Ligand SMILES: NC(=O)c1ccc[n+]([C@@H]2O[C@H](COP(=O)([O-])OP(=O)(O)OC[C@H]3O[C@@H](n4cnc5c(N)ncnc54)[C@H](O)[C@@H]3O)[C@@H](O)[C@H]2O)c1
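Only one chain is shown below, in structure tokens, and it's the form predicted alone.
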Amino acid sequence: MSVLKNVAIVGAGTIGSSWGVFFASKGCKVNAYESLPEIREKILDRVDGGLRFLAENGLMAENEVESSFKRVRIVNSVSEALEDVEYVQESTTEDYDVKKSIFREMDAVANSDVILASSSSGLLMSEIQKATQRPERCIIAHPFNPPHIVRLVEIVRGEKTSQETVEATRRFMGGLGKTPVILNKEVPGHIANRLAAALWREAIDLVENDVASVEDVDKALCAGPGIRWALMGSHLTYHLGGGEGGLEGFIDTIAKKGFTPIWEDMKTWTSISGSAKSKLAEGIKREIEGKSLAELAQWRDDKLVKLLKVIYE
């Protein structure tokens, strides 16, 4: 498959428009489709704002903003979006019925060699691709929010996805500067969200049982393990923690004695109780101190850019 330079965005809300910023900033022509008028009218403003943010923070040249912005074209239908493209990034509602309907329509109008990728954060491609006639070109390419800043993309094949599609998606994303990870098999939530869900459950339980406040649980994560996780994952972290014995030594000594009682004490509930929800809601109000969602998102993105420059440059 040749170099991919023409991309369609199907579903251009928060995630889709961020993908649009990313693709346009990397030189791709982007056809953007959104069915909801109230979202469609915001696409270009979001793309313009995202591109200017990247330029202001040194992640793209100032003189490339205008040309990148001109690469994004708003279209009025799925069929128009898929004209003359090599790759599609679907980012519609996280619902099997919605995604099956969209994939059925995309599959019917796209050229046979076009990759149809979904941004789904946890649904299984094996189920979604049942709605298509060419399931081999359907794949999950799940970003972490916001896609135009955070590098991770999880590539997940369905039962009928071809190896060629997996490799082409990996090369495409890697060539644009993403950090692709490939799942050997499907699981709900992929990799990162499963890790995040396990951690959040324990964070909620600590608040629910009055071990610590919402704010202090967040502080403990950010000021401690979170700092290391920006550089290395759990396995490498504990490999270094095992001294000369490395990870095996850590498992045989520290993990056996220190982690086993922790795991035995951890809960395994699968839904958030009403009382926990109330405590979390009250706690987050205190933590954000009246800041709006827009202010918090701006603060997050500013800090993410600084971190990325330290870690990757």
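This is a predicted model, so every value here is computed, not measured. Numbers follow the displayed sequence, beginning with 1.
Separately, the form predicted in complex with the ligand exists; it is not shown, and the next lines address it.
Participant: Given a 4.5 Å cut-off on heavy atoms, tell me which of 200 to 208, 174 to 182, 220 to 228, 115 to 123 is the interface stretch with the ligand in the predicted bound form.
Facilitator: Among the candidates, contact is made by 115 to 123.
Participant: The ligand is absent from this chain, but in the predicted bound form, do A196, L236 and T260 each have a non-hydrogen atom within 4.5 Å of it?
Facilitator: No, none of A196, L236 and T260 comes within 4.5 Å of the ligand in the predicted bound form.
Participant: Any of the heavy atoms of V21 lying within 4.5 Å of the ligand in the predicted bound form?
Facilitator: Taking the distances in the predicted bound form, the answer for V21 is no, it never comes within 4.5 Å of the ligand.
Participant: Is E94 one of the residues lying within 4.5 Å of the ligand in the predicted bound form, judged by heavy atom distances?
Facilitator: So E94 counts as contacting the ligand.
Participant: S35: heavy atom within 4.5 Å of the ligand in the predicted bound form?
Facilitator: Yes, S35 lies within 4.5 Å of the ligand in the predicted bound form.
Participant: I'd like to know if I251 sits close to the ligand in the predicted bound form, meaning any non-hydrogen atom pair within 4.5 angstroms.
Facilitator: The answer is no: I251 has no heavy atom within 4.5 Å of the ligand.
Participant: Only one of I155, V72, I149, I102 has a non-hydrogen atom within 4.5 angstroms of the ligand in the predicted bound form; which is it?
Facilitator: Filtering the options by heavy-atom distance leaves I102.
Participant: So which of L280, L247, L59, I39 reaches within 4.5 angstroms of the ligand in the predicted bound form, heavy atom to heavy atom?
Facilitator: Only one option qualifies, and that one is I39.
Participant: If we check the ligand in the predicted bound form, which of the residues in 128 to 153 reach within 4.5 angstroms of it by a non-hydrogen atom?
Facilitator: The stretch touches the partner through H142, P143, N145.
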